[in-house]
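Shown here is one chain on its own, the form predicted alone, set out as structure tokens.
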């Protein structure tokens, strides 16, 4: 019924005693919801002469748009890069479990894998609306295999690829159908990459630059070809240098197409990115900052050995490594923890920290009219937070899908 025929007759919910994140500010207003969407109360009063059918007291909490995670490799023992017979049930389990962390939409992420894995897994992860069953799937993020050997990080070298003569046909042969794909991370210094970037963006797929040794000029050319995102800034790329700042330099580049904004992912887990680096990025380009978890299947499981695609991962405390090495292998921090750490590390406002996990990823994907906002007409996907930004409840389409008290927390 969400926003469709019959929505006008759906019950009206009024969330009271709350602060709503709207337009970059926390406003002491009520949130009105009907038919899965945020409602303008003035139209309700003056045009329909209706009041709320039900009021819910939020106890002074913050109501923020639901978090959107555009880079998550799995969690709770589920590995999205494993070609199992029932990939869908694993995605569903993660979708359900991340509700407790305020995530209402996500992009399941596959790391570098052999073609047969993509061919088997991708058709099993369709775009799907969120609800009581779990967070919505916005499309898959393919991180690799068209990346730099030198900056491959935790990606298995044996399965890395470069673009062949018929570059885009090579992409299709590697991945199979792109119907369920939303983001592709690639290294722009690879030959024929600009041809691929143009072809992917023409299909509405977001191209991200990462796992790369590109200099700034190469990165700027990639953005001019259509790339709009940077995968986990600072990690798996050349370090900033004052004579050639590399991909990091895109944050302040004057060579971007007019009206275009570059977005960049940051892993604020206390391990991947030093607090000073978080502050530098935020102060240089706050409107492009997108918090990502880069969570691995070990999320929620604790110490021990786990998988990430074709590799084995070892978790020690708060850090995940490729087994037998000191190479970082994704994160084990959930999104709400990343939001809290980012707030504490940067000293930014609560509003900025929350928008980095909601509005900014929505803008990256062109969804800001419906997701990442509590403006009138938007999907009523939101998270209820206390003053310490701990999740108290999660709603999708105005429906309660997770609550701390019910879960015994």
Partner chain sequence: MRLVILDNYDLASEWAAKYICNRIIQFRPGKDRYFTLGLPTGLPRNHPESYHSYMWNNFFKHIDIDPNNAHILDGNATDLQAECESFEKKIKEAGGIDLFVGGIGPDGHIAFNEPGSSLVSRTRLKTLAMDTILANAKYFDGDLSKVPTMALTVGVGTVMDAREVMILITGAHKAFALYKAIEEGVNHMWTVSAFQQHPRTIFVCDEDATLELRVKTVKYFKGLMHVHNKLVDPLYSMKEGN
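Since we're looking at a predicted model, the values are computed, not measured. Positions refer to the first chain, counted from 1.
The same protein also has a form predicted together with the partner chain, omitted here; what follows describes it.
**Message:** Check for me: heavy atom within 4.5 Å of the partner chain in the model of the complex, for each of 114, 150 and 160, yes or no.
**Reply:** No, none of 114, 150 and 160 comes within 4.5 Å of the partner chain in the model of the complex.
**Prompt:** Using a 4.5 Å heavy atom cut-off, which stretch among 358-366, 380-388, 339-347, 50-58 contacts the partner chain in the model of the complex?
**Reply:** The contacting stretch is 50-58.
**Message:** I'd like to know whether residue 29 contacts the partner chain in the model of the complex, with contact meaning heavy atoms within 4.5 angstroms.
**Reply:** So residue 29 counts as contacting the partner chain.
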